[in-house]
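First, one chain by itself in structure tokens, the form predicted on its own.
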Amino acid sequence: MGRVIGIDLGTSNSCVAVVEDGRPIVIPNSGGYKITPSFFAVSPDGQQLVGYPARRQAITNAANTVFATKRLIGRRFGSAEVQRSMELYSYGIVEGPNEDPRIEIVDRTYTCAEVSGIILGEMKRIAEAYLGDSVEAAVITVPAYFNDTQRQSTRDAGRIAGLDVLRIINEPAAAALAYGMGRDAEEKIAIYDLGGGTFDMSILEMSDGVVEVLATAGDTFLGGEDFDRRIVEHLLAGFEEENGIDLRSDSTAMQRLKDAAEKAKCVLSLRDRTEINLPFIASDGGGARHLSCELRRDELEALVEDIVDETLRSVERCVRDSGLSNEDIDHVVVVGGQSRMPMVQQAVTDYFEQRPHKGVNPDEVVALGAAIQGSALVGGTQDVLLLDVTPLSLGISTYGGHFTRLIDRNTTVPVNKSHLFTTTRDDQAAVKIRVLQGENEVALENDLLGEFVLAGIPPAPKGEPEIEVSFDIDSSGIVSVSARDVATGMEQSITVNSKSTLSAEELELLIEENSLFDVEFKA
């Protein structure tokens, strides 16, 4: 196998890296930038744009510019997260045939996996231009708290991009690989990963080239996008109070506000106050209306205090699940662009009573770790073993609507576990196995990953048949489930494929369609 690249597929920005001469490096795009915006657009003349060109025209072409699809991938259309996104984003989100959210721009509907695949394809092209050779394999990172459906969808996106996805690894684990390269000391580290759309917290132990994840926690719908939204809401309220105009239905105005909010947030990480000026943001009978105001750092901190507090609740749960105390943590590493905010840095410092480690670039470290893992998988020089965990408990629905766990959260993967079940009615000839992921004792409150039927059970009184259900989770966190009637040996198994993911036929069609698009994507 040739070179393996590592890709950090981010909500706001993506990054690609490779191991060169035994050292991981981030590959710049043709514009010289080491990160590429995770934006996709179709211009008015029908041209597909990725990265900076897509982002630059987002205000003038708001309805046809797609961003933050990482927050939608692998979810059901009816979920609260998708419904919230429909209120926030300027592009159309519609329900797909698999109850999944899909992106509607111009005259076509795109799946979230397809949009992510287009962005991954750009990362592939950036790497190929740098290496001067084709790239076929990659390690792709995902938030540690992604469930099985989201991981499957990300793997599908890689296939659409023309990549053999050797492994899906968690972002904090990738960051730990990059942080720990060249370090021989035995350490326990905490990775606080606050990115554009997701938050992860992981506790890891590093020793003699082994990186073992002890516990993880997080929120796949909490990140910099929420900080931006609080500023936008603040600006909307002030403008409406002053001018009596509600801008929420104006997609261009909303995109201008979002762009201004993100810029103001970044400035306030360096300064105490900033000016926000958006001329001609609206008009009415009195003529043009302009938005002009000052935003102070303390105002921003008041707006987002509860979001930062929410991340600390995940931190507390993760530390507790790891079986360690704050005093046991040797180093704290912050990852993700939003972690640059002084308030976030101070919150992490106060919680762990130590300053975060400053030796890593929060935008690049995850891609570097993915590249290290990719090199190790193909026999490269990286002598490293990554032992990750499953972020959520896995089990099945049992009689009475209960959730019976077979694998608890924070169990090291790969793992295989089995348990015996039985029938609930006399002469029951078949059982339905409903595979669930989550932490609620009530089955319906957890995520349904898939279901299948084991038939051919011989007639017998209830409680007598023995049905062995086995769960297998591979190193990428992908789940397979089998059920076997012990008496007859009759078996049924599936690799879990949620209804909200792409069908095999649709995935193959998208792979073929994207391979036919021989277009040049600008960096």
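Counting begins at 1, following the sequence as shown. Owing to the predicted nature of the structure, the values given are computational and were not obtained by experimental measurement.
Beyond what is shown, the protein has a form predicted in complex with a small molecule; the following relates to that form.
Enquirer: I'd like to know if G336 sits close to the small molecule in the model of the complex, meaning any non-hydrogen atom pair within 4.5 angstroms.
Expert: Yes, G336 is a contact residue.
Enquirer: Test of understanding: in the model of the complex, would C266 fall inside 4.5 Å of the small molecule by heavy atoms?
Expert: Output for C266 is yes: heavy atoms within 4.5 Å of the small molecule.
Enquirer: For R297, is any heavy atom within 4.5 Å of the small molecule in the model of the complex, or not?
Expert: No.
Enquirer: Examine R340 and determine whether its closest non-hydrogen atom to the small molecule in the model of the complex is within 4.5 angstroms.
Expert: Contact with the small molecule, yes.
Enquirer: In the model of the complex, which of 422 to 430, 258 to 266, 213 to 221, 153 to 161 comes within 4.5 Å of the small molecule (heavy atoms)?
Expert: Selected range: 258 to 266.
Enquirer: Exactly one residue in G395, G196, P391, G74 has a non-hydrogen atom within 4.5 Å of the small molecule in the model of the complex; which is it?
Expert: Spelling it out, the residue with a heavy atom inside the cut-off is G196.
Enquirer: Identify which of D100, E122, E225, E114 has a heavy atom within 4.5 Å of the small molecule in the model of the complex; exactly one of them does.
Expert: Selected option: E225.
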